[in-house]
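Listed next as structure tokens is one chain, alone, in the form predicted on its own.
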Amino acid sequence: MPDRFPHGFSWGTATAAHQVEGNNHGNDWWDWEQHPGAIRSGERSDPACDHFQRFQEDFDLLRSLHQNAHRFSLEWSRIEPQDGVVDRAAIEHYRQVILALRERGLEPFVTIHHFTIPRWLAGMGGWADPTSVERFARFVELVVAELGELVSYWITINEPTALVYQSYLAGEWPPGVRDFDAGARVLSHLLKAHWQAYERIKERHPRAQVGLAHHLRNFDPFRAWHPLDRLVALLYHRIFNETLLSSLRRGSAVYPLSRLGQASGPAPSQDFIGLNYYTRNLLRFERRARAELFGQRVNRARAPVSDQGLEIYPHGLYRWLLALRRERLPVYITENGVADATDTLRPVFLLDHLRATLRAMGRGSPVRGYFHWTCFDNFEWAEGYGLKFGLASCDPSTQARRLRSSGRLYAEICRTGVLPDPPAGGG
């Protein structure tokens, strides 16, 4: 195992526009937040972290913490508030965001789509509408024409499978549908949208690096000896992990997307793999859980868990980094973090996952960077402000930022590239 991360490694944090900016009132999520019960706490995403106004001072803090990269997203509904209508002020805002990062020596990793869509597109059926693919491609052409000279790294879409699961299987995100066939159609459209985006970016900037942020999770049988538990775990893995990876690798849609007709795109259509890793699931066969593909998620006894109830399993990151060697592409860990309001779990979580990363790199995993989720506590989608993922706290009522111990620890790792021993008394 290497004893330090290499020179030139990308160290940063990741955010999403709707979760931090505030005042995003033109998208499907803002409308969703108005429905009673849609957000567990009843809270809304405005003001979030007021990052739209405070990005300069926020980037000053990130630079002072020795970060050299930052991942953020563009808010589609700001740039194109009506179908085909461009807000030039919004374009200029994001230009200033990118320039502010560059002035501080932070490499921008720009996510084009991070879960939210404009209200006008949602009214047409959102990603379930086949025309959404071309409309997204048009949006990509616009932002790349306007901002592409300033950006070397593009992430087209964040976590397509997570979006499909939460919105079309669990029904907890807009549009709140529970329909497997509709989810498959949406995933097919997201795949095509990525292919279109990749081609549009490369046409204008052939040297730009383009990837997709994959939510990858380990699915293991709860009872390794039980054939139905093993079958359910394999089914989950193939649908939620392998469908997208295999389609992108081959340049053609694989099952279940292939049921919707032939679809093909460029292969390869990724210059790097974006890996979002948080946890694993143990699955037990449950015949009554038809909507969940007959899988019941359980935690092993005495497993360490986050405030979200998810198992803390650093070995899963190691497993995925080894598995992704087959893609023969550089890997950026584009999200990794833990819900931990007291900051007792996060320091050890951080060290254990970075140690797993170094182990994988020692076995040939081409990891080029790590982006912690996230820099500041923010609006965590259906969970509201209740889950705390930040290296720094952020009080939405006062907008005060306070660096946590884990933030100071991460700053020292970013500065030296060396992992210290775990702090005494960590979670």
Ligand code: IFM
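All values derive from a computational prediction rather than experimental measurement. Quick note: we count residues from 1 along the sequence shown, nothing fancier.
Another form, the form predicted together with the ligand, is not on view; read the next lines as being about it.
- This chain is drawn without the ligand; in the model of the complex, the residue among E335, D352, E75, D229 with a heavy atom within 4.5 Å of it is E335.
- Proximity to the ligand in the model of the complex, defined as a heavy atom within 4.5 Å, singles out one entry of Y168, Y94, Y236, F115, which is F115.
- In the model of the complex, the ligand sits beyond 4.5 Å of every heavy atom of F371.
- Contact check for F389: a non-hydrogen atom falls within 4.5 Å of the ligand in the model of the complex.
- Taking the partner from the other structure, the ligand in the model of the complex has no heavy atom within 4.5 Å of any heavy atom of F59.
- With a 4.5 Å cutoff on heavy atoms, F139 does not count as touching the ligand in the model of the complex; it lies far away.
- Look at 202-210, 293-301, 86-94, 153-161: in the model of the complex, residues with non-hydrogen atoms within 4.5 angstroms of the ligand sit in 153-161.
- Applying a 4.5 Å heavy atom cutoff to the ligand in the model of the complex picks out E380, W381, F389 from 376-413, in order along the sequence.
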